[in-house]
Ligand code: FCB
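Before any questions on how it binds or moves, here is one chain, the form predicted on its own, in structure tokens.
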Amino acid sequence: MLSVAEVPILNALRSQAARVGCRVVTSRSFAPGFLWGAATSAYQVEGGNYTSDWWVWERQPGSGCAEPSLDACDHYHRYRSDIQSLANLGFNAYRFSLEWSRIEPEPGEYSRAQLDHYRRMLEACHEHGLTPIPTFHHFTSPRWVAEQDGWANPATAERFAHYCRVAAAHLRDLFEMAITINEPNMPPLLGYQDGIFPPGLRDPGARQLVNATFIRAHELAAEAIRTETDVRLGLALAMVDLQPVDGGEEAAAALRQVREDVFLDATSGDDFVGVNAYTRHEVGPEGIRAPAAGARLTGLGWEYWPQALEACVRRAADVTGKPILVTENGIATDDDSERIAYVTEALTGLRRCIEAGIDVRGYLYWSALDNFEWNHGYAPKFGLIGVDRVTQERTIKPSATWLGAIAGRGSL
């Protein structure tokens, strides 16, 4: 039954849903033990990660970055209150990343102080009843890795795995589920082919090499982590609902192969597959098409398409046969009622996946905080919790209260 406080939210949601043509479901339960939470990445929220390749990249002429990250959300110092806020809202899980460049700022030199910092973060999760889900790599690498040809150097896979083993050994008693690499398909595409992430190359051949390095790194990292602790492991893959149009079936299949399938094929030894899904792309014979004129767009210019989550979860499950954890899903918008409508439709589709027999273990919204959205800077607002750019003051948005209530009930 809805509380008195939730009735106005539901009424507003129904009104918004009617405008966008989606159906509000109020009686669909999720299984006990389902993980409900939000996600962040270290570089996007911690601040001061000057030992990272991204810190250098932001300041390079021609990088295209809207602004530098600087203090980000100061989550490095404010993590306790942020974690407490998530728990108070009703969530039971928090996904965050370890910053490799903090832990190993120079090759083979590991910081006990930084490892202890992440121990304290994991302990804070447990203190507040949140299942911590650490991610060992989320887009950023140490400067020294970049100086040694980055992920185009096959040796980076072994170096990454060694860091994972050191970190896992130090944190082993505090986590039972982890992500090795977040979106290993994106740095090869954005950094080595499209040139908008470091190192800024535009070389399709390099992309293929870097794909292979990331896949090898995931496999070696999983092996290394498992030598230190008995945890459930997976990678988190960026997936898009690729829809062929006007004879684009062959082009869509080719895109799926290089963007998704080579990575899904690498999950055979994993315990689950993490799915990050936000939107769709229509694919013609010539490739990906821009959203149609007049299409509804989000704050990042992506097509508003919450149905993408259902499509991507179904595809990941079909290809791998693995349990699925939704590791990212959300919307960049300044209109919080639009966030509620988007997530409602996404979760409705996720329920259909579960009803179809897919083993879905949890839903982690992106993002817990309005944060540094890479080359776009701080303008896109994904967060359930707003962050004042001057004072760092946090503001709980209505969508956070709404989604936390769903988490507390375990049903839409």
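All values derive from a computational prediction rather than experimental measurement. Numbers for residues come from their place in the sequence shown, where the first is 1.
Not on display, but discussed next: the form predicted together with beta-D-fucopyranose (FCB).
- Not one of 110, 136 and 163 comes within 4.5 Å of beta-D-fucopyranose (FCB) in the predicted complex, counting any heavy atom.
- Of the candidates 183, 310, 99, 82, 183 is the one whose heavy atoms come within 4.5 Å of beta-D-fucopyranose (FCB) in the predicted complex; the others do not.
- A heavy atom within 4.5 Å of beta-D-fucopyranose (FCB) in the predicted complex is found for exactly one of 382, 43, 30, 363: 382.
- A residue is said to contact a partner when one of its heavy atoms sits within 4.5 Å of a partner heavy atom; residue 278 meets this definition for beta-D-fucopyranose (FCB) in the predicted complex.
- Although the partner is absent here, residue 175 is not a contact residue: none of its heavy atoms lies within 4.5 angstroms of beta-D-fucopyranose (FCB) in the predicted complex.
- In the predicted complex, beta-D-fucopyranose (FCB) lies within 4.5 Å of some heavy atom of residue 302.
- Although the partner is absent here, residue 328 is a contact residue: one of its heavy atoms lies within 4.5 angstroms of beta-D-fucopyranose (FCB) in the predicted complex.
- Just one listed stretch, out of 261-269, 137-145, 117-125, 225-233, contacts beta-D-fucopyranose (FCB) in the predicted complex at the 4.5 Å heavy atom level, and that stretch is 137-145.
- For the stretch 367-400, the set of residues having any non-hydrogen atom within 4.5 angstroms of beta-D-fucopyranose (FCB) in the predicted complex comprises 373, 374, 382, in sequence order.
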